[in-house]
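Below you will find one chain, with nothing else, as structure tokens; this is the form predicted on its own, and questions on how it binds or moves follow later.
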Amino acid sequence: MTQDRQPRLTRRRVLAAAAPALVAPLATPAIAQGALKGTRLTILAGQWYVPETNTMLDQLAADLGRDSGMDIKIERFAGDELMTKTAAVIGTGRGADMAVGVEFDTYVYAAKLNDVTDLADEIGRTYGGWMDVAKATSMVGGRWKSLPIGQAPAAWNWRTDMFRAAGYEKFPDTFADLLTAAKALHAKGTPIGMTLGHASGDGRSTNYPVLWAFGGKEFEADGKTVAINSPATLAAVEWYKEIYQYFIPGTTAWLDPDNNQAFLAGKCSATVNVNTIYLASRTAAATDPSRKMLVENMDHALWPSGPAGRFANYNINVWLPFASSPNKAGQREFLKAWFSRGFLPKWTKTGQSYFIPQLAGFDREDVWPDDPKLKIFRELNKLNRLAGYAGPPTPAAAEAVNKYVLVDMFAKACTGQLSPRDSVAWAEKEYQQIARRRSRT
């Protein structure tokens, strides 16, 4: 999350640094000076929570624009505004050439996106191949319709001092042990907290891993047959209902900032989050004694393992190249620059595992944090599974995420609004309605 000390990355410097290791088209000669003069490239983006990664994107655009002659503009939107703007451009065919999207966007908008299979193949060869989760995210009908930017691993952020006071030197490795620890921590007045509210990021990253760890799934492999109502799902709900009584109060109303605030305030001994709690605190520690204390007394851990295994669910960002763009050459030049060896590894290293490109060869490259308290993110990067499992990330799976069906299933049981069995039956009806509606579109 820090990058202002990076040297300025010109287009020629990027390609010069990359040339020995790259293969075409990433290793093609630098674009002729001013070759795209008079063209425009408008990119829709949000704000990544590591400020320096935003700065690097801006600098890459400025350098590429200067060398190619393109007028490159990065338009940034807060929160859901980016999704709304992207949908508007898709609908009208005007207003932008590319956008930062999320994993479901590739399936939702596939017909309106350019085929970038040739670029994806070359990028894969350059970096040792794409991980399976990248292929599931960006391939539709065997073709690449987006290019993955990366995934944001969510770890268990935990207070080592509070766990030690409750009798635990390590973070629990199983869901059964996490339940036992939660009881002990609650008794000490230092409860844990898992997001059960309509938080666009944390609502997913906190709840899907529980379902999968107990063997539950939303859909069969066809992506159409609803499979949520099962003994495995019921076991996950029953576990959640039991541990909920040892949570910090208010987690059913938590939005994305709330777990951060509870953890920073010392009210919560463990919660699920990306690396931003730690990185922001590490930066502030030099002048803020309370943040210094927090940094010294927190760490990160893997998701516990359940009866069916250990899984996680992370936010994924992708580059969406709009088919309506009149500047397809500019799209490709930007994507080549982004994925070049002179840029992408440095951008990844700067984020300290905030967003990690799903490239298999990155496991062997110098893109990982040097801080030992962030070491676990290298292993977390291998656990991601897409919502909609065991099917692909279809529009039906996306709608279920956006309507928080899984989150509400757990919340209804935890708060006693419905019994665990009835909450699963309620979720099944919701999924079936979504599946029927999507089958008609």
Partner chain sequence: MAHTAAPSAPGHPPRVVRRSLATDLIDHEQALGYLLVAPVVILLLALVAYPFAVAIGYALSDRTLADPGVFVGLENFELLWENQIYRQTLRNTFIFTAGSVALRLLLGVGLALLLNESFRFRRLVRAAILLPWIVPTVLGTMAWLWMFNPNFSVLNYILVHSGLMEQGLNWLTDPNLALFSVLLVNAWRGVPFMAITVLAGLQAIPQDLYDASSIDGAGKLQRFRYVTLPLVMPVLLTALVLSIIWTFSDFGIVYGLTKGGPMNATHVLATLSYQTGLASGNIGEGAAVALTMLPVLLVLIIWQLRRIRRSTVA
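The model shown is predicted, which means the values in this text are computed figures rather than measured ones. Numbering follows the first chain given and starts at 1.
Absent from the display: the form predicted in complex with its partner chain. The rest refers to it.
This chain is displayed without its partner chain, yet in the predicted bound form the stretch 402-410 from 402-410, 65-73, 51-59, 382-390 comes within 4.5 Å of it by heavy atoms. Although its partner chain is omitted here, in the predicted bound form none of Pro231, Asp363 and Lys375 has a heavy atom within 4.5 Å of it. Within 4.5 Å of some heavy atom of its partner chain in the predicted bound form lies at least one heavy atom of Ser200.
Among heavy atoms of Glu296, none comes within 4.5 Å of its partner chain in the predicted bound form. In the predicted bound form, no heavy atom of Phe171 sits within 4.5 Å of its partner chain. Under a 4.5 angstroms non-hydrogen atom cutoff, its partner chain in the predicted bound form lacks Thr160 among its neighbouring residues. Taking Ala187, Ala265, Ala286, Ala221 one by one, only a single residue has any non-hydrogen atom within 4.5 Å of its partner chain in the predicted bound form, and it is Ala265. Put simply, of Thr225, Gln245, Thr84, Ser290 only one has a heavy atom within 4.5 Å of its partner chain in the predicted bound form, and it is Thr84. Heavy atoms closer than or equal to 4.5 Å to its partner chain in the predicted bound form belong, across 230-255, to the residues Ile248, Pro249, Gly250, Thr252, Ala253, Trp254, Leu255, ordered by sequence position.
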